[in-house]
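Given next, in structure tokens, is a single chain: the form predicted on its own.
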């Protein structure tokens, strides 16, 4: 009756990151950190888990001699997020 919720997205911080990226498509690491109020270390770990799952792409580069990390949601990430939301809606219908 109930669909299993995606364990990757079921984490509060990973869900917040995905929700943010769904709305803006791509964002710098510092922007995500500010919006989620996460520590850099914790956010870094959670971003890596989303990347390993194929839900986001992470690009590291230098801009004006400073490191810049940009995260972008992938088509797989969009589908996973949509499926997660649909599964949650099924829980709420009961």
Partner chain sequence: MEQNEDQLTAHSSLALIESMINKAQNRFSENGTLYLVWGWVVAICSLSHYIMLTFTDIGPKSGMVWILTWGAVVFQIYYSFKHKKQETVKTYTDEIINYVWVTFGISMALVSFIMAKLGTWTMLYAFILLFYGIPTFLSGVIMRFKPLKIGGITCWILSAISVYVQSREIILLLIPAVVIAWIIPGYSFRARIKKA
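Just so you know, these numbers come straight off a predicted model, no measurement behind them. Numbering follows the first chain given and starts at 1.
Same protein, other form: the form predicted in complex with the partner chain, not shown, and the subject of what follows.
Contact with the partner chain in the predicted bound form holds for all three of 23, 28 and 42, each having a heavy atom within 4.5 Å.
Among heavy atoms of residue 47, none comes within 4.5 Å of the partner chain in the predicted bound form. With a 4.5 Å cutoff on heavy atoms, residue 51 does not count as touching the partner chain in the predicted bound form; it lies far away. Although the partner is absent here, residue 38 lies within 4.5 Å of the partner chain in the predicted bound form, judged by heavy atoms.
Within 4.5 Å of some heavy atom of the partner chain in the predicted bound form lies at least one heavy atom of residue 13.
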